[in-house]
Each structure stands twice: as C-alpha cells, then as structure tokens.
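For reference, the chain that follows is the form predicted on its own, supplied as structure tokens.
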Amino acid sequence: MQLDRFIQLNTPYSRQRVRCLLAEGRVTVAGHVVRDGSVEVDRFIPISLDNQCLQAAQAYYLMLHKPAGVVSATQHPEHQTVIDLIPEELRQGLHLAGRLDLKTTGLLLLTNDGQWSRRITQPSSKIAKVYRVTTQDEVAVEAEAVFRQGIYFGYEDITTQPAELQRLDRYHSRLTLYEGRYHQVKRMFGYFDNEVTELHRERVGELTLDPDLLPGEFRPLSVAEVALF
C-alpha cells in the first residue's frame, strides 16, 4: 500500500491534506521523515504522524519442533494445531511457512510475514527440505539412483524432481527434497513397497532444527536466521 493511502485510511484527513502533511515533513516511516506519498509500506513498518504512532506492528518468525499428532493448520475441528502450541499474544496473523503431515515431526516455521513465507514455500524457490526417514523394511540399494532420477506419480501425471537419498543404515535414511508433493516421502518409498514408520524434518534450506527444542517447544528466529530466506 502507498504511504499517502495508508495515512488517509488511518486518519480523518483528506488526500489533499495528507499531501500537505507529507510535504511539511510531519510523517516518519521507521523513524525517518518521508515526504513521498508513493512510497510502498507494509504492516511491519512503524509509521508516525506528528510523533503519534499510526502503526507499530512487529513481525514474528518462529521455529517450532512439531510433535506427532498435531495438525499443521491454524484451526481444526478434531486435532490440536501447531497454532495451539503458541501463546495467544503471538497468534495474531500467524501462519505456517510450509506444512508437515499429522504423524511427521520436526522443524516447522511460523510467521506473520506473508512475503517471507512465500519465499520459502513457492515452488520456484527450490529450497531444500531435509528429512530423517525410518522404514519398516530395509532400504533398497537402488533407491538412491531411482530417487535421483525422479519417480512418476500417475495420479498427478508428474515425475518428482531429483531427490538426494543417503542410506544411513538398513532402516534409516536422510532424504533431501526440493518440492512438497502430497505425502511425497511416503509415496516415494511406497514405490519400493516400503512403509515409512517415522518421518522427521531436520532442516529447511540452511536452517536446522534447534537440538535444544523439545517436541512442542518453539523459539524466535535470530536476525541471521530470518535473513537465510
């Protein structure tokens, strides 16, 4: 939204009067006098008129260790949601930057900054998501090559993007994906008739789940961590 439009909507002044206020240097954005009404502003930028605050929004960026049995949603009629794990005073406008299945555990990001979350979730970003996978049967030796080539999903008529599989031992693997298809990990291992019994997301991009966070706990991201995306 343009600054002059924002002031007009949040004060009793006409558009012409708003232009005068701007010209007189009575409007500050993030502590700086701004006279150009065409400047784009969002809801995370402090804006004042005559030292009176018109907007003092704060952006929240949270890392959550999602436990199993909790839904990746803002609300759900049956299950506890990840938002329920966050204190009420931080919930306003909070949404998920990516999702995890009901039984999947690990790193989940939450924010009220839509532009930031879109950079993480839009397909063109191709941000790596790293999972630790436990399977019922031994991981097939040829799985690494097959995952790297991509697997055809007939229902969507698509072939998955190349994925990196590292076999840790007979029943445990580390899988890196660059997309997020419906139940993708389970379906990829299902190609070998091998059931995924545990799935845990360790990392998104260069951001790794804090080892000090217990399931259900969260913490704010540091400035450096926010800047990773």
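Residue numbers here begin at 1 and follow the sequence given. The structure displayed is predicted, hence computed values, not measured ones.
What comes next is about the form predicted in complex with a small molecule, which does not appear here.
Please run the contact check for residue 199 against the small molecule in the model of the complex: heavy atoms, 4.5 angstroms, yes or no?
Contact check for residue 199: yes, within 4.5 Å of the small molecule in the model of the complex.
Should residue 104 be classed as touching the small molecule in the model of the complex when contacts are defined as heavy atoms within 4.5 Å?
Close contact exists here: in the model of the complex, residue 104 approaches the small molecule to within 4.5 Å, heavy atoms only.
So, in the model of the complex, is residue 109 in contact with the small molecule at a 4.5 angstroms heavy atom limit?
Close contact is absent here: in the model of the complex, residue 109 is far from the small molecule, nothing within 4.5 Å, heavy atoms only.
Residue-level question: is residue 100 within 4.5 Å of the small molecule in the model of the complex, judged on heavy atoms?
Residue 100: contacts the small molecule in the model of the complex.
Pick from 27 to 35, 44 to 52, 156 to 164, 184 to 192: which stretch has non-hydrogen atoms within 4.5 Å of the small molecule in the model of the complex?
It is 184 to 192 that comes within 4.5 Å of the partner.
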